[in-house]
Ligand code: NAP
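Take a look at this single chain, the form predicted alone, given in structure tokens.
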């Protein structure tokens, strides 16, 4: 008997069957756009099919060139495209998987000057203005979607997904925000819905009845002048009548000012939107957004909230997600922590996407942990992210690994991160590595500060030093004052923080500490509180489903300072940084740039401002928290090298700039692959 009977139940459409209720949702990983990357893309998808995904959905491919996401982006417009994609579909089918091609017209989200939309407009996330489509162009675009679906079938795909959410072209037709037309394609909700329904009709007519046609519906727009819930439900019904086989759900436009997929969004925060749609249609409905563990997914299905669950980034984090759930080993799932740092941040920088906790994602043909034919005894010193990735990777390859850690627990800086409100998911990574250490047979020696003499005496073939970082103490007169705390102290003992706090340093840690200081409890753990704070309408009673936010006051006055004379938070993640800045602004955190720190005394923190630093100010702070960077802890490495030991330096011990878990885990994995 499975622990997840609903999750692992097959779904039979008659002409095809999905082996379980888990859909790998669409993601762009930047392997879609170049023909030379097709084998890498095939390996990426085949790995997820082998890992048990019931259905895989590709990144979006445009049905015509005006719908490109960016110049020369992936498209499905010719027989040549279809033949090239047979490499992908054959690889997935070889692993008994099923795969759908997503057809996506970017509309005004296109990053090129020839973009089109329902009406002339410019999105706030691209520099180009879109031209309104003529009625003839609309009709031609409908047929382009259908033609792309036919080509997808010729390529061997088992289905197509028509992208109608996230603010792309179809969504732009549906919302008054972007559809200002007064012809048959606008002017009323019924006319605005005509575009997607005509697309589904045309696709169904072209591909026949024995082919899955999926429509991704925007279940909640989260923008002004978006759709109402009644309009969304009417669309769901019309899409079913037009011939869709299944509805997948999308939440929020890319320009929405409500976060939908970052770490601080509660798990399954938008499941009620899926449940509401499910009540008005008879075809399967797929839940999405912040679903990342099987217990949670199973409960959603058991409660009748959805027919399937869709996860995208969790399959970057762990391609074996389904197989591990089926084997009753959820503790070995490398859980997506929704950090966005290596996936969406990379995509929006036009870089190949991967995963912070799994750097092998989208690098399946390049970063390989192959079994070793020459096992060695290797010591890894430091059980932070870099040391954990390296030690488990080495053990997976067959090396005899001993892991040393001075404290009595694993995690390193992740043990601090998981204490920050909204970053509770980081605890899952620690749980995963804790289980994996046992699974692959790494010997632990905790509460042990390894020395060079000891390691040399024990005769290890190699030693990996991953001793991490320590907070830097800036040279400020009075920095040893009783008011001053390190960021470690401020996080581990928040009761010791005063009512007025100055935070020195506005990097990622400075923002994290400020979020801790401004919250009594984490809003992530209370869905109702989170929706109120971000202005999500509880019953979707407004257009777009947004209302005025209600933000609880901060329990402290917080002043966040930096030396650089630039906006605070510029170095934060591209797709999540705005969330952190917005959180602190809502909590009325004062942000000061271009500060010179003059001294600390009983009166507080003395600073100078202005271009010439001729404006003096004293911040009457009870507590001053130092978040002024880090320094590598690497003395052990230097001693090992001097002693003639084969030593390797990784993670923060190698480069201390910020606390970069993405770099640390990748560096640890790459070393494990080569030693």
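The shown structure was predicted, so the numbers you read here are calculated from the model rather than taken from an experiment. Numbering follows the first chain given and starts at 1.
There is another form of the same protein, the form predicted in complex with this ligand; it is not shown, and what comes next is about it.
In the predicted complex, no heavy atom of residue 51 sits within 4.5 Å of this ligand. The closest non-hydrogen atom of residue 108 lies beyond 4.5 Å of this ligand in the predicted complex.
For residue 530, no non-hydrogen atom is located within 4.5 Å of this ligand in the predicted complex, even though that partner is not displayed. This ligand is not drawn, but in the predicted complex it has no heavy atom within 4.5 Å of residue 375. Exactly one of the stretches 395-403, 499-507, 214-222, 139-147 approaches this ligand in the predicted complex with heavy atoms within 4.5 Å, and it is 499-507. Here is the short version: of 477, 474, 187, 441, the single residue with a heavy atom within 4.5 Å of this ligand in the predicted complex is 474. Scanning 630, 47, 623, 64 against this ligand in the predicted complex with a 4.5 Å heavy atom cut-off leaves one residue, 630.
Residues of 423-438 that come within 4.5 Å of this ligand in the predicted complex, judged by any heavy atom, reduce to 423 alone.
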